[in-house]
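Here you get one chain, nothing else, as structure tokens; it is the form predicted alone.
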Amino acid sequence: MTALLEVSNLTKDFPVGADFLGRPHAQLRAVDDVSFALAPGETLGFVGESGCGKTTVGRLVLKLLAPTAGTIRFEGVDITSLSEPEMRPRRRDLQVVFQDPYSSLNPRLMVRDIVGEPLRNFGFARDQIDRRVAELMRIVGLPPEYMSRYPHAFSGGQRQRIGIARALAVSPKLVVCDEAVSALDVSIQAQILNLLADIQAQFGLALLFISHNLGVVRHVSHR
């Protein structure tokens, strides 16, 4: 099967400290020569201890950070050095579910606006957005009438469902799950993992599942 995502020799350095001219004293290597491939519809478990660079790899794949070296190919296209205007059409295909369901949702926005934000960014009309958000709420197991509520009205597990709905809004091909269940109680973790598995089966998503929990990784990953 042709790879959806191919990462080759990925490296990321961050400057550490600075002299009076603003020049960094040293470089911290957060990601060192990482290579992997991910097929369409596959879940790849990306596991390691806290601080080892997992989240940095996820941000590099999403083009939220620029690599120091290496290449990232998506559907055969080298996206490593694409400018933001060149990258914009690809943003629909690459989405993320963040670790913290509390800080990742804007408390001043209703769920309708949180989930609909990616759709607005890609020029969908208001009536299209409302229909799509209602559909997404049903997909993640929440009543559509909850669209008019604010994040403080929801539990952690419900908030993560909202985060998943937002990630699904523009029908991506790859979702990076960055410690997506680590902030949740064990019983709620199982519900969210089962939801992700159901969504993957329904829509053929590829998942890059980042975690420090070996048990969770074994449960959800193909590799």
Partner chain sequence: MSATALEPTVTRARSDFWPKFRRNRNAVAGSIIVSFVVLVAIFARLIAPYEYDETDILFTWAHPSAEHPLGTDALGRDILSRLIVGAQVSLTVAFAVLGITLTIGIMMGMIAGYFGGRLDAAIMRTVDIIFAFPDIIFAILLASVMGPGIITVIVSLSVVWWPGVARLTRSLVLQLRTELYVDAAIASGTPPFTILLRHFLPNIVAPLIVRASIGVGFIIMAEATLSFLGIGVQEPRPSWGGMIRDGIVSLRTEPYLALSASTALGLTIIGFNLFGDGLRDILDPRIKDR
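Numbering follows the first chain given and starts at 1. Everything numeric in this text was worked out from a predicted model, so none of it was measured.
What comes next is about the form predicted in complex with the partner chain, which does not appear here.
Think of it this way: in the predicted complex, the partner chain has a heavy atom of just one of 43, 158, 68, 56 within 4.5 Å, and the residue is 158. In summary, among the residues 112, 91, 132, 73, the only one with a non-hydrogen atom within 4.5 Å of the partner chain in the predicted complex is 91. The partner chain in the predicted complex is approached by residue 104, whose closest heavy atom lies within 4.5 angstroms of it. In the predicted complex, the partner chain sits beyond 4.5 Å of every heavy atom of residue 28. Although the partner is absent here, residue 118 lies within 4.5 Å of the partner chain in the predicted complex, judged by heavy atoms.
At a distance threshold of 4.5 angstroms between non-hydrogen atoms, residue 136 is out of contact with the partner chain in the predicted complex. Highlighted residues 64, 108 and 153: every one comes within 4.5 Å of the partner chain in the predicted complex, counting any heavy atom. Residues 188, 191 of 177 to 194 are found to place at least one heavy atom within 4.5 Å of the partner chain in the predicted complex.
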